[in-house]
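This document opens with one chain alone, in structure tokens, the form predicted alone.
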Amino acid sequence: MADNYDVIVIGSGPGGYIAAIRAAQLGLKTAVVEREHLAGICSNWGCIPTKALLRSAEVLHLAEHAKNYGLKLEGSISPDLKAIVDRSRGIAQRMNGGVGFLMKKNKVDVIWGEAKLTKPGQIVVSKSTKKPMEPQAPLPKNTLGEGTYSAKHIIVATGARPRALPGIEPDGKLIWTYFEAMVPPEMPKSLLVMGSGAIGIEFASFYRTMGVDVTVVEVMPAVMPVEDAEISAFAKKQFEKQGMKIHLEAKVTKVEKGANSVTAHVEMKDGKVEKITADRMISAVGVQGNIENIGLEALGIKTDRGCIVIDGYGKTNVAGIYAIGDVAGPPMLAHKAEHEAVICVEKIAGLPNVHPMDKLKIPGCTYCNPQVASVGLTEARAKAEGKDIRVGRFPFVANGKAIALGEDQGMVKTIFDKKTGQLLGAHLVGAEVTELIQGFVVAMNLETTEEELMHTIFPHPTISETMKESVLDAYGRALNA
């Protein structure tokens, strides 16, 4: 039996490869098992390649509105779908190869195949039933294969996959998941998106900018329902201005497939059923953890609602077995998985002052147009928790940089504890807010008060000035609105 690792990580996504690297940095002999593609869904079929698609959409949007910036572009401007997809897939391959390089650099062994827990401290790796998705970067030279491997600590980081609703299962042709939506063979003329979470609304935004007739169906009363209600409402108006059709408090109850189209039966808020026909449909109703066929049941590892149950350090109820990332439950975000990985490994290594993650300080970002970003409590949740709050708001339309960029549709909203001045939440919508949000995350992590934020000097002219103005507004001191 090959042994003989201190740590084996099952899965090489953002949580898995970061766990492996941190373990190796701490002097632990480490291996990572992967069955499909190094770097996981995020780098291959999620976070990174979708942003490449959205960047192409952004450039197209700017080109189409060049006259607004005093520019003349000769001839027609149209998207080259194959080139757009090829660029996205090339970036995915680059990320994939980058993780392979990091494994080699940190002397982490890569075991290629499907892992199954057979007992605490042991896994069996069999030949992968998954064909690596193209393009696939060359595997690192330190790649091992099938066999039995052991380690004192085994970390499960198997990620998640798209959730399917009974009777509306994706078929890869007419009903897509995000996999198919990223590599369409041709651009549909019309698209129905079921679900308006981050995945659904990002694809809705991409395809709408590409000229597709987009309809979004959302069962909740708001788009991006986890966001603050005011931010969600603002974003919805912008989406609709772009020509997107949005049905809230509506659900798809049935789908009829044609030769090259789908007809969805949509039950509206008033109970009436409307038939909506589109060339293609995206099912974006969430994801579920990959907990099947990895030996959890045989070892008695507890799961709940499709995810592995862990404590604040990634420990399961079975000694020596840990879980991190999407398979360990929400929020299912790459940056959460990465931080969870570091906490788990540092606790394994016995480092002092390792603390569980505060999930209220995890930022969420949606890269639609306009972008949406948030951290902490929404106004509704703060009130529900009985907090006495102050709320500040500042619009992009009053910000010089946003006006100069032609991006004056946006706002920043901040929520403070009235008694202590503690920043409870920050919610942003508009250009580049996914880059701005980290300022508020740092402030929350350092337990910064409103007074300290007010005395922080923000550079001019920048969109970031809206952040400070929102803080000032919460205390009746806004200077530019």
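Quantities reported herein were computed from a predicted structural model and do not represent experimental measurements. Numbers for residues come from their place in the sequence shown, where the first is 1.
Although not depicted, the form predicted in complex with a small molecule is the subject of the following passage.
- Across the options 371-379, 319-327, 239-247, 262-270, residues that bring heavy atoms within 4.5 Å of the small molecule in the predicted bound form belong to 319-327.
- Taking non-hydrogen atoms only, Leu28 never approaches the small molecule to within 4.5 angstroms in the predicted bound form.
- In the predicted bound form, at least one heavy atom of Ala337 sits within 4.5 Å of the small molecule.
- Contact check for Gly159: a non-hydrogen atom falls within 4.5 Å of the small molecule in the predicted bound form.
- Within 4.5 Å of any heavy atom of the small molecule in the predicted bound form lies no heavy atom of Glu450.
- Although the small molecule is omitted here, in the predicted bound form none of Ala402, Ala431 and Tyr475 has a heavy atom within 4.5 Å of it.
- This chain appears without its partner; in the predicted bound form, the one residue of Ala115, Val99, Val223, Ile154 with a heavy atom within 4.5 Å of the small molecule is Ala115.
- Interface residue among Ile294, Met95, Cys307, Ala278, judged by heavy atoms within 4.5 Å of the small molecule in the predicted bound form: Ile294.
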